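Given as structure tokens, the chain that follows is alone and in the form predicted on its own.
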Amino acid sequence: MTDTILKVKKLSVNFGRDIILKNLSFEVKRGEILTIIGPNGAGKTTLLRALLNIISYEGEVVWKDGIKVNYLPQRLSKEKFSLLPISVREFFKFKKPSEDDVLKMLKEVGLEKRVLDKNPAELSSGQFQRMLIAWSLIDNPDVLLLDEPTTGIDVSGEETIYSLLNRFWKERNLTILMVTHDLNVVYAYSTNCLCTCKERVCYGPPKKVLTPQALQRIYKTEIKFYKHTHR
């Protein structure tokens, strides 16, 4: 039987009088890809931060003992790195791997050794995201939390990133929780999805819960998308 590694019960987050999340409950089993979707302002990023205990919340967030979780927030942008005198090599040193391990990890995401001496801001958008994925996996986490991992990348680059994540998911038995706006990606790669608009609107396998009616409830408008069947 697959382990349940995360249980969330009646999670609520308020910023002053503003209700950001209300009574959100769900579970995540080892090896799942859970995608979190919803309109802007639905509390998706806040949810990830609450799961990591970065912000205050009400309710319960219980991770299984011994689970190692890594997080790639949106704020790790090329623009932020351009202000820092740091190379890719120095960025990886924060996690203290050997250089051989770094080179191996870079190769696995399709990057060459020469990127090590560049500032991360000098990389293309696709290279930058692949570098971040390599950095997040270098210390072998059990769970990866991703907040819109393809922001600023063109369509072909997006497909490369999601395919890459899917490969690592299979090879490393990763559990992935990912915020995305791309419904095609949700359908193609998710084992479960959580639809939120501050409260839980739907939760379950995309093929069952991503109905036109559910999407209309979330986004308040008719949503059209193509269903991918590859995994």
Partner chain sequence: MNQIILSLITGIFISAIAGYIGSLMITKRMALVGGPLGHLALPGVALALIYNFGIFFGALLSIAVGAFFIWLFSLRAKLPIESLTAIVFAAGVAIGFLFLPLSHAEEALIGDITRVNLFDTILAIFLSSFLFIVIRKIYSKLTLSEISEDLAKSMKIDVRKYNLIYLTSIALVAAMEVKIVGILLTAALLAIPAAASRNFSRNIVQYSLVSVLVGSLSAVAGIFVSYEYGLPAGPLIILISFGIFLISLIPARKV
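Owing to the predicted nature of the structure, the values given are computational and were not obtained by experimental measurement. Residue numbers count along the first chain shown, from 1.
The discussion below concerns the form predicted together with its partner chain, not included here.
- Heavy atoms within 4.5 Å of its partner chain in the predicted complex map, among the stretches 194 to 202, 27 to 35, 171 to 179, 52 to 60, onto 52 to 60 alone.
- In the predicted complex, at least one heavy atom of P73 sits within 4.5 Å of its partner chain.
- Interface membership of S98, defined by any non-hydrogen atom within 4.5 Å of its partner chain in the predicted complex, is ruled out.
- A residue is said to contact a partner when one of its heavy atoms sits within 4.5 Å of a partner heavy atom; E122 meets this definition for its partner chain in the predicted complex.
- Although the partner is absent from this view, I86 contacts its partner chain in the predicted complex, with a non-hydrogen atom inside 4.5 angstroms.
- Think of it this way: in the predicted complex, its partner chain has a heavy atom of just one of E90, E148, E159, D142 within 4.5 Å, and the residue is E90.
- If you take 179 to 205 and check each residue for a heavy atom within 4.5 Å of its partner chain in the predicted complex, you get nothing at all.
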